[in-house]
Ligand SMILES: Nc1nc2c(c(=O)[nH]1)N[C@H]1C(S)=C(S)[C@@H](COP(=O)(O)OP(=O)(O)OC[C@H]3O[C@@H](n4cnc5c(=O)[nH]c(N)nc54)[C@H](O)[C@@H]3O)O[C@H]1N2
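There is one chain below, alone, in structure tokens, taken in the form predicted alone.
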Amino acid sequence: MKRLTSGGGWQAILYTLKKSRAMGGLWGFWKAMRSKNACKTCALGMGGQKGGMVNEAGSFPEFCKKSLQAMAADMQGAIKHEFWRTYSVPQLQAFSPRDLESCGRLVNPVVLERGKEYYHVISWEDALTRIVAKLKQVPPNETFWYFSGRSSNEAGFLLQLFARLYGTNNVNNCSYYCHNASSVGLTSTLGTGTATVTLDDVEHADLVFLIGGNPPSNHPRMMATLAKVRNRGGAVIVINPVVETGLVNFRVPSSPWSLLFGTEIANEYVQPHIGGDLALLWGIAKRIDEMGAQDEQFLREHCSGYDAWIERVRSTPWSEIHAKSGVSQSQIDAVADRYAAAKSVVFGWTMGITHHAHGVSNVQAIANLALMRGMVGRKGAGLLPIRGHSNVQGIGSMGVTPKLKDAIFGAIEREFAVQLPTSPGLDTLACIDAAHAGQLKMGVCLGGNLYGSNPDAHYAGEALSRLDLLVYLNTTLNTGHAHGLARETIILPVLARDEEPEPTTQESMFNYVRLSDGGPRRHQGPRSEVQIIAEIARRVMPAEGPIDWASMEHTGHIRQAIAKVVPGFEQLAQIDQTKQEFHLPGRTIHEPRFPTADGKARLHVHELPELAGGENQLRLMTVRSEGQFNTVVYEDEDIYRGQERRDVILLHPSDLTRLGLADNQPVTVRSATGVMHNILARAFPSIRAGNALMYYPEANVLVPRQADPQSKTPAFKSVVITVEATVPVTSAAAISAKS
């Protein structure tokens, strides 16, 4: 498959026309995409009361391939009863992630019982009766509650409230497997765990760092913002072990000039080794210090820990920085020169930073570098974790974490006259470990694909298989429904965001709260998430309890509760009437006053990790393709990397030669955790030699359960692997016979 030389452009327009046919033609596409609902994919904040295809700054048209794919998936036909009688679980397990997503919309509750090969359709009453009976039977701390970022603030708040009143703090969300390292790292530095900037800040920066991310594939609408930075004369520095096509040149479809001629994105493109970011960040800081380009007054007046930090920066030898980053002095100097000359700088990063055993340290080092020149606490500058799901930040704001913030904890107890549990809750990976150990009996998954998002896929499947009951709430099928199976597995079909009967809200990664109107249902059968949660809670909790669960079937009632107990969300109480979307107060930092105990930002000192791997090993990072969103695979092709299939490992040509392999040769890939056979080794000059790239979630079988000790985020990057030629089955059999 030919690799594109530019991202976006005409291929994106042609794809839109093609997909629109599946959405009822251009008019059907237009109506669906223009509805007043927040985007279903990334957290950049499209849609809401300004109408779909409008960003939070009011720019139109703003949409991307990811939002189009998600909408098309929700507009699929229904999965009919015959499907469940036709396809056994072993057959479903042979389906690819794309096959499962393309089966259609879930419209009936279904159950799979251990020993049976087929799911079978059950009534809503039967499904709810089974769930309620199990909840009444098991001790609360033998359950866990997992939330994806797809759900609304209302559903997230309601389910975590029910789980805690039921008696457990085993409440966690998908951010533990993506950006929790950002939340922990930023909170430890600034006292807040979210972005310090607005969209307007990014568009008016004169320098944007993009570290460990690939927005052309994962956040395509961000490319219009980066193009605006370049068109205004600003610069973009990309730090990534892989040269990604769209970060070199991108054709923004909504800009005629860019569409025709393309827009250069990266002014500087630095390729550290996988796992070398921390050393590189320290190297840039060291060079800034040598140049005398730091803001000494800002550091002493508004930061703590400066003396210890700068002493360590100065004492760290250049030889160590070069060896542990893989970046030359000339490249570090070039980046430092641009940074020193810039007046307003935004640092953005994604999971190439957080998916490491030292992910929190990576985030702290980015913050150190920004603080070094006073680039936090002013307009047009700051820190931006680029979050990957449309409401993952809102789910966290609603208290979907094992430990509630003290303010929310106290407010819930006061408002509802209840006592919440105080026992420690389990994070996501800890829940999988506890299930594997037989310590948990039941799980409830509000959206997402818990199985598919886990490291060590075999272990995750075993862990979930030891549960008595696992309940999924989803719109379409995913690999978890085929592989993440308990003794009894129930799938409940839910409405998509733009089908909700009542308005819901979401929060963008810029701390902006959107109001989604919902809309007409496309199929009979699926139910609203809040209606399902409220009904289960009503049946489980005592009738004389302090909460009227029946009233909580209405999102307006839930918003009234949120406004009373979640600081910053007070405006939700009137949003039904005002339709006024808003930035959360206290999140954006445009003045050098930080929500820490002493009002100062804190600088952190780190040990620089050694690069993983030995002479005959490679460092592997698992990534998403241009044709997927999180664990959802919409297309097998990855057009930007020129791949027509997903069972590949991309290696630098010099590594193929060094390992004695040919391009397109079947290989066996091994890690300490797992093995994958008959993977095609392909020459990929764009990756830094010594490193490798494979697709997530299929390559999760290779990823160990090692996690950052501070954030509990698994290290999906820097996996040490070996690659060797796959021995054909016939040859292996002959060798075995001779021996």
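Remember, predicted model here, so these are calculated numbers, not experimental data. For every residue, the number given is its place in the sequence shown, counted from 1.
Another form, the form predicted in complex with this ligand, is not on view; read the next lines as being about it.
- In the model of the complex, this ligand sits beyond 4.5 Å of every heavy atom of residue 643.
- Taking the partner from elsewhere, residue 476 is found to have a heavy atom lying within 4.5 Å of this ligand in the model of the complex.
- By the criterion of a heavy atom within 4.5 Å, residue 68 is excluded from the residues contacting this ligand in the model of the complex.
- Put simply, residue 151 is close to this ligand in the model of the complex: some heavy atom of it is within 4.5 Å.
- Proximity to this ligand in the model of the complex, defined as a heavy atom within 4.5 Å, holds among 202, 265, 632, 552 only for 632.
- Contact with this ligand in the model of the complex, judged by any heavy atom within 4.5 Å, is made by just one of 361, 489, 168, 449: 449.
- Segments offered: 710-718, 30-38, 674-682, 46-54. Contacting this ligand in the model of the complex at heavy atom distances within 4.5 Å is 710-718.
- Using a 4.5 Å cut-off on any heavy atom, the residues of 593-623 that reach this ligand in the model of the complex are, in sequence order, 621, 622, 623.
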